[in-house]
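Okay, here we've got a single chain as structure tokens, the form predicted on its own, with questions on binding and movement later.
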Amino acid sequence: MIVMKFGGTSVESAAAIERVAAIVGQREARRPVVVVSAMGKTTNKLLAIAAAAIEGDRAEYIRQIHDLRDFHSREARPVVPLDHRAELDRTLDDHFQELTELVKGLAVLGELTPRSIDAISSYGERLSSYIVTLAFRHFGMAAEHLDSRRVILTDKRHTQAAPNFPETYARLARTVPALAQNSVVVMGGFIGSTEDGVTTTLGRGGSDFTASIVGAGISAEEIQIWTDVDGMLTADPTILPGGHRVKTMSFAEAAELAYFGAKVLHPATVVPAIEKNIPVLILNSRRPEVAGTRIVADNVACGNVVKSIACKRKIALVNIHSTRMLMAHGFLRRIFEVFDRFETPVDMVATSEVSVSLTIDNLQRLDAIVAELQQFSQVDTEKCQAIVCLVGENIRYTPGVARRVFGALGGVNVRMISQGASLLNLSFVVAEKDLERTVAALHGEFFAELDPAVFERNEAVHA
């Protein structure tokens, strides 16, 4: 069996779903289990509906619900068999009536709780997985729909639920292989449920995580993540178009890139795959002939020092200083207790005896954090910063990498540097306004020559 996950852009329209059906049909003999995201921007639209309800704008949220139903009906009908159209209409009516009642309740309460967010945002995957199941039947495949909430068991931490792996794996092993014996199994990503049957979500981008969990639970031979790019590239295409495709990389490298901004892959995706030693492939649903990127457990020999450059924008740099802490213990503990209380993760840290600099990407509670830190230290913050992260197994073994990095940057002001916590990355912070020229300079320095066993050169890339 294989697991094939298709993102929102891969199922955003009737034409896109038809492409997905063709891709899956070519692999039907491998007993695929298909995990799909919500169609297009459906999750964002659902949250906008909830926001309109909270604001008491009944006309607006009713209009948006009707628009969303029309969108799903319009894109589904061309790919649903004629004898299933009535069933499609009934299912859409049932789901959108249920959604409307839920939204009316929100309007009365005037409050959007994490549990309500999960309930509302789950409709995207519930609808898309059902529509894709019917579409597969339309294109000649036997297909079975499986509600992910039956098999993905999580805790009660709504909007960012953590799976109960032992029970989830047991449920998957009991359910999926039997269904996959004679049918393509279709599931919605991103969603699960508590022991009490309450709907939860795994966080934005969680459909990748779902695919990895399913793959681990059924001991799949590989997990395929189908998206709208050709695989992992040597640079973020939104910052430097035309990067080279990375043919293969290690799980460790992929995890670093995902954490530091490579949106092709959800950071948590690789965890179940690593534990079960299942390869992960990143593929392009619009160009299925491209071999993509293969992510494997072992280190991948490479003639280049760096495999890829990842970036994380909208970062805040927090500088904390206290001479009272000179030669005193407990300074770091007090700092990180503050971030823990406000449930705000820290990305990078650099320390000296009386100073600590760190970065965060969640700024919602920054003012409150600064207020607490100021009770025992001086604090200043710099917003509109970006992390640039060079990733590669060879960084740990190659002398002079830092010299090449900072030599290439010329006049770019580097605000903070971090190396050592992970032996396969070198990260630093620059102002967002300097990000494009920083990445372009580094790409020219480290990817002028390419190891052909690891990279597929894009001849269109500028030097």
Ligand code: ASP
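Numbers for residues come from their place in the sequence shown, where the first is 1. Please read these numbers as outputs of a predicted model, since none were measured by experiment.
Here the subject shifts to the form predicted in complex with aspartic acid, a form of this protein not shown in this document.
- Tyr123 falls outside the set of residues with a heavy atom inside 4.5 Å of aspartic acid in the model of the complex.
- Interface membership of Gly206, defined by any non-hydrogen atom within 4.5 Å of aspartic acid in the model of the complex, is confirmed.
- Interface residue remark: Ala38 is counted as part of the site for aspartic acid in the model of the complex, having a heavy atom within 4.5 Å.
- Taking non-hydrogen atoms only, Phe190 approaches aspartic acid to within 4.5 angstroms in the model of the complex.
- For the options Thr43, Gln64, Thr438, Asn425, the residue carrying a heavy atom within 4.5 angstroms of aspartic acid in the model of the complex is Thr43.
- Of the candidate stretches 30-38, 430-438, 407-415, 55-63, only 30-38 contains residues with a heavy atom within 4.5 Å of aspartic acid in the model of the complex.
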